[in-house]
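Okay, so here's just one chain, in structure tokens, the form predicted alone.
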Amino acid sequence: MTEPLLEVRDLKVYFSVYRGFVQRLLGGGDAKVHAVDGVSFSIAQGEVFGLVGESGCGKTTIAKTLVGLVRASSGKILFRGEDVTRPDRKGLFRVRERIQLIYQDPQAALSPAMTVGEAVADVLRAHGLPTDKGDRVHAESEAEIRAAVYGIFDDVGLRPPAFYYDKYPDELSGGQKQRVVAGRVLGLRPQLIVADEPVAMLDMSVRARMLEFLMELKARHHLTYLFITHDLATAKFVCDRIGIMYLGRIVEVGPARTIYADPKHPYTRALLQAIPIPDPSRRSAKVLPKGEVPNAVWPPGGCRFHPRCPSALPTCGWEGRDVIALLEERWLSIELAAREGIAGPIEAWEADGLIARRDMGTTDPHAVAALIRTIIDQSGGPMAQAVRDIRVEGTTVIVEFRAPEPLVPKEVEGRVVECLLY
């Protein structure tokens, strides 16, 4: 096999929640947002690789890390075999000539005080004019730069170019602004374009045309795309392979047609089932995830999706906080809260990895332990089966879970899946 154009290995990007000496002194200084938490994928020359997932799963953070706008906490980014994870200032300048980013919001990507022609010309002044041999030469005159911008505008369908050169962003439509942004990117002749939700801000009437335009540019200039979207229909239209992301992890990756025809990961199935089907005769019962996406500061142990998964196993990574979440859910009912009041309040419980505990003080801990055992047994399911022990130590009630199985990505029928079902 030929060497991939881009290879990402176990990429992690964390953001500190607390900053400053006082906050660290008072505690919580080690809390981090696990925006990207061990992501690996590769992109071949000429391929369109899609990253698909809900908002907040880490897609845009990966995009910004690839072009050096965000620093990787650990892991490696290889471009044509060269490590570009933490380039110096000169190396970063070189990386951005080869990897370019199309932003989701073209209005935010353009300066309102600069004409769109100058926005593209400024890039050419900084990086030089690309030649047919792949080199870059500095322009000898402003007329040469203007002529190059005219050529770029013509290439992206802004015709006549002279009409658009002196326009400000506010004078253009959303689709025209996105073409300007695409032209500014293409002006550098990059080898990889990271398209971050490039049609999300556009009207539905022009969205399909914009996608066709991006594919036309790919064919004309032999481009490679990392296409980021939350829209499964869009990904199916443009991508050769896709990676499904959930809470900082890629849970399934493979050929787009294979995944759409037969999704293997429960989260992928849930995403596809959420797509409305216009034909009533083809509609079927939907098994959608329960609850909300967990907090990325304290992501679930084991499989990130297991607290919401309809196919979860006892070995998926249940923890002490899952018991606390179960109690909190039950006590939303006034009747249950009154009946099970001796086990509360929720704030009195604390979780530490596989263990949930509460010091009962003067309350009988054995009665509370028996109540907790009854509640867990009534809930049933994989969480109940994952409980290793419910015991009393002094005045403290302790609920302990079994250690989860290691979560290792596996090859399943032509794709890689991170799930213990396989």
Partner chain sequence: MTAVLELEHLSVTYETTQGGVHAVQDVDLTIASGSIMGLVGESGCGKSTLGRAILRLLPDNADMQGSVRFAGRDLLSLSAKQVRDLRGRNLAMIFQDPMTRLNPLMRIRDHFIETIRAHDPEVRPEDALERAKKVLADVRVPSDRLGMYPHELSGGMRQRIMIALCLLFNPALLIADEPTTALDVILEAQILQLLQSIMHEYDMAVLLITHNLGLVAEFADRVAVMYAGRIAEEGATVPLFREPRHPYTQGLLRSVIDLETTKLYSVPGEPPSLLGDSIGCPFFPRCEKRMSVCETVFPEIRLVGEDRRKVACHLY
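What you see is a predicted model, and the numbers here were worked out from it, not measured in a lab. Positions refer to the first chain, counted from 1.
In what follows, reference is made to the form predicted together with the partner chain, a form of this protein that is not presented.
Engineer: Among 75-83, 312-320, 341-349, 151-159, which stretch sits within 4.5 Å of the partner chain in the predicted bound form, heavy atoms only?
Structural biologist: The contacting stretch here is 341-349.
Engineer: Looking in the predicted bound form, is the partner chain within 4.5 angstroms of a heavy atom from every one of 192, 218 and 261?
Structural biologist: The answer is no; none of 192, 218 and 261 reaches the partner chain.
Engineer: Answer for residue 296 alone: is it within 4.5 Å of the partner chain in the predicted bound form, judged on heavy atom distances?
Structural biologist: Residue 296: no contact with the partner chain in the predicted bound form.
Engineer: How about residue 206: is it within 4.5 Å of the partner chain in the predicted bound form, going by heavy atoms?
Structural biologist: Yes, residue 206 sits close enough to the partner chain in the predicted bound form that at least one of its heavy atoms falls within 4.5 Å.
Engineer: Does at least one non-hydrogen atom of residue 227 fall within 4.5 angstroms of the partner chain in the predicted bound form?
Structural biologist: Flag for residue 227 set to no.
Engineer: Would residue 359 count as touching the partner chain in the predicted bound form under a 4.5 Å heavy atom rule?
Structural biologist: The answer is no: residue 359 has no heavy atom within 4.5 Å of the partner chain.
Engineer: Only one of 286, 222, 71, 90 gets a heavy atom within 4.5 Å of the partner chain in the predicted bound form. Which one?
Structural biologist: Checked against the cut-off, the match is 286.
Engineer: For 240-275: residues with a non-hydrogen atom within 4.5 angstroms of the partner chain in the predicted bound form?
Structural biologist: The stretch touches the partner through 260, 267, 270, 271, 272, 274, 275.
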